[in-house]
Every structure is written in structure tokens, then in C-alpha cells.
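Given as C-alpha cells, the chain that follows is alone and in the form predicted on its own.
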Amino acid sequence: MTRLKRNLLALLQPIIAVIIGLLAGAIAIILLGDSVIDTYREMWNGAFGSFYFLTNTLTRATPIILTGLGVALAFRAGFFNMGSTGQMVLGGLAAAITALYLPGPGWMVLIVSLVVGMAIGGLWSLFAGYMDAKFGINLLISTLLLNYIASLFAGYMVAFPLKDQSGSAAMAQTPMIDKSIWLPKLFSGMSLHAGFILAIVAAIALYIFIQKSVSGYEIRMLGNNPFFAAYGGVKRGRMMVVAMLTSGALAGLAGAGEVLGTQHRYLDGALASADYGWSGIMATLLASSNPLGTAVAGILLAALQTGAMGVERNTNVPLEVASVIQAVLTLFVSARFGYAFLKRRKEKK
């Protein structure tokens, strides 16, 4: 298969999966006794119906794309990094602390806060890689468990030492970050901020890195055939450092972007409860870990989520119809992996 066909397939797969999900959602809507056309019209309006809703969808897509890109790189190298939620949480917390306490002009503090968020997210991811290399602790398990440690640690920090004590604040959250340090909005009065541009640039840069660079070739080789890669001189440890550090840094950037561009403070549970991390994993699985396809899938998943809110506002169909559609997407991914597994097993016989 040529590279062009692979790229087209990676872009089409998320669209096909969403269409299948919508068909399954239509069955659920019919069983509820509502109109499929009216419901999906409201879903479309909620996601793309106006410039305001379009920018809301792209705002929600930003952290999904960034976490998905991080997972995509790790998957391409054969490492199962499932800890994007924890890396995103610590990245967001670190960015908030830096923005609150680092002196200096706003633009400089903003840049340093983003870099610190990326660094902390990357180091948290690398810690899981270190435990895998040093003690043989399975990455899948360690990254999953590290999510809980990161979320609970961040929750403690904003509930006690960093808690906003001003006014009548009763929530576990940091004080508000100075406006000069916020990520700039792309359009006046809209929620979309510069983090979306960073996400698109990251998707293009990661695609070029994987397809055009020597390190990208080694990562692809390691992910496709680790034994052949080792025979060819590819060092697994060095590739793990590159893949896990970059993967976590992208998740950390997602958290920093949410704090500096949307919430303007760290709010306990806001990043984890929104399921950005899991949506990012879903996006990269739908796109077969292709960075450009992951960006497309991230926007589609965000549209599904924001559109479902419009459905709930304007129809009798509950918000859970989006969960039905996402469940079908999960089945789609599982079926594709299952088919690939059975195909490889048949070829070995």
C-alpha cells in the first residue's frame, strides 16, 4: 500500500467509524420514539450550527488532539502509554503554579509555563518508561495506575497548599491566573484560543517527524517488528526515552493549554472528568496512530460531544445517546484490532 493510500485511509477511517456510530445511534433514537432527522439536525447545530458552536467544538478538540498525538507516537513505537490523563493533569498543575508564582512579563511567563507543563508531563511519562526498563513493570499497568496518583496529588495540592482563599471560593482550585498570562483568543468573544494552532502545528510536525526523520523510521520499525529493529541496531531504551518523553510532553501541553487558555486556573477534577485523555486514545486508535488522522478524529469526537449537548438542550433525547455512539466506535476499533490479530495468526500457520 502506498503512503498516499495509507494517509487517505487514516483520514477516512474515523469518518467511516463515526457514520457507523451514527447509524447505531439512530436505532437507539427510534427506540426512544424520537425523530432521527430532528435529533441529528440538533446535533449538527450544536457542533457546527454557528460560528460560536464551531469554535466551541474546536476548543474541546484541542486537548483531545494533543493527547491523541502523544498516544499516537507511543503506539507507533510499540509502547502502550495509557497515562495521558495523569500527564495532562500534572502538566496543567505545573503550568498553573508557574503562571501564578514566576515573576516577569506576561508573554515570558506564558511561554515558560507551557514549557514547564510539557516538561512535567514528559517526565511523568518517562517515569513509567524507566520502571519498565529497570524493573520490567508493564507499561500498560503502570501508566494506568499513575493516572490515579497524579489526579489525587493534584487534588490535594489545590485543596490545601494552593487553594484559592479569596472571596467565597469553596471549590478546590488555585487562584485566578493574571490575564496577561492567558493564551490569546483567536476570535473576540469566542472560547477558541491559540492552543488550537499549537495542536495543528504539532500534528503536522509529528507526521513529518515520523515519516521523514531517521528517528521516526526507527520508531516505526520498533513498533512494527521489534526483533528486526533490534537486529538492525535500533536501541529500544533510547527509543523509549524519545517516545515516552515526547508523548507525555504533548499530554502536558494539553493540560497547560486548558489551564492557560480555557479555565485560567487549575480546577480540581476539571481535566480528568472531561475524559480528554480517553478521547485522545480513541482518536488515535480510530486513525491507526496517524497524526493527521488523529487530528481529524479528535475534531469529530469533539463534535459528537458538543453536538450531544445541543441534542439534550433542544430534544427529549438524553445526552447518553452520544455514549451509545462512542460505544459503537469502541466496538469498531476492537473489531479492527481483532481482525488484524486473527489475520496475523492465520498467516503464521
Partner chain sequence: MDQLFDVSLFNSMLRIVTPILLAALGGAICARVGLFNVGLEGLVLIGAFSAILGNHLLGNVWLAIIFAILCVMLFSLIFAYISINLRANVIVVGISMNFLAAGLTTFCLRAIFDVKGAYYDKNMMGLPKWDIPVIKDIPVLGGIVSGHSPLVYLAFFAAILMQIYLFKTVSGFRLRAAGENPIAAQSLGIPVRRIQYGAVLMSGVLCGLAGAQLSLGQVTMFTEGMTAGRGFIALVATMLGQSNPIGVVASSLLFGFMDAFSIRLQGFALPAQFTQMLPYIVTLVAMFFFKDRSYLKDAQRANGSSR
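Residue numbers count along the first chain shown, from 1. The structure displayed is predicted, hence computed values, not measured ones.
Form predicted in complex with the partner chain: not shown, discussed below.
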Residue within 4.5 Å of the partner chain in the model of the complex by heavy atom, from M108, M171, L152, I204, is L152
Go through V112, V241, L144, L186 and name the one with a heavy atom inside 4.5 Å of the partner chain in the model of the complex.
L144
May I ask you to check whether Y156 falls inside a 4.5 Å heavy atom distance of the partner chain in the model of the complex?
yes
Close approach of F209 to the partner chain in the model of the complex, 4.5 Å, heavy atom:
no
Evaluate Y148 for contact with the partner chain in the model of the complex, applying a 4.5 angstroms cut-off between non-hydrogen atoms, and reply yes or no.
yes
Taking heavy atoms and a 4.5 Å cut-off, does N138 contact the partner chain in the model of the complex?
yes
Heavy atoms within 4.5 Å of the partner chain in the model of the complex: which stretch in 292-300, 54-62, 36-44, 278-286 meets that?
278-286
If you check in the model of the complex, do E312, A327 and S334 all have a non-hydrogen atom within 4.5 Å of the partner chain?
yes
